[in-house]
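Just the one chain here, laid out as structure tokens, in the form predicted alone.
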């Protein structure tokens, strides 16, 4: 297994362009939907979000509730609420988008009343959808619009343009590509994002990501480690690879095929075969 401590850099041109266009369009935006992955509610939060959206009304939407450790993630919900955020923890697959629609209209009430006072009619609420790759932006937009308006794939970098999309709920959505800061210099944050599919696998050290996942499972979710792989949490990482390798047949000439084991563990997280895990721990 090859390990390294080099920073992960992934900042395609469409992301840089997205920031520029967002700043240009901000004058037309009433509310900002910032999406984060409930498994990594700290790691997936955009580092300089307030510099991008200024003082716009914000709704922090924690997606993938069905995949997280609810008890641990709820600590982060309270953390953000204590910082003044409007927070919703949702499973977009289960039709919980109505919670977002209802709260959006509540938050935009003052904006609409000011328009009426100025002699203007109520109008569509313009909502900006922003977040790092693979946090569910396209899923949210499709649920709001009732149609497949945005590409939905469980991999980063699918949405590459900015588009206004009308819905049937009095909300117009401005969709954006996923945005990451230029250099992920915090290794733990980078690995959390990588483990949950927010960074293209082609640029990852897949062994390092797998070790990170196994360490999280061993430290906080030993029952998942045992049930999924038959691995005792007291084993060291190489011993874990040995057990998993034997279980999935990742052997050649009596040696472990490390990459095959790493891909298995990585895919189990990104393909949502493992649930009930939150990587960001409340300290």
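Source: prediction; values computed, not measured. Positions refer to the first chain, counted from 1.
As for the form predicted together with a small molecule, it is not shown, yet the points below apply to it.
Not one of 190, 212 and 277 comes within 4.5 Å of the small molecule in the model of the complex, counting any heavy atom. Heavy atoms within 4.5 Å of the small molecule in the model of the complex belong, among the stretches 166-174, 69-77, 91-99, 111-119, to residues of 91-99. With a 4.5 Å cutoff on heavy atoms, residue 127 does not count as touching the small molecule in the model of the complex; it lies far away.
Of the heavy atoms in residue 199, none are within 4.5 Å of the small molecule in the model of the complex. Heavy atoms of residue 44 never reach within 4.5 Å of the small molecule in the model of the complex, leaving it off the interface. Not displayed here, the small molecule is approached by residue 134 to within 4.5 Å at the level of heavy atoms in the model of the complex. Checking 86, 205, 186, 138 against the small molecule in the model of the complex, a heavy atom within 4.5 Å turns up for just one residue: 138.
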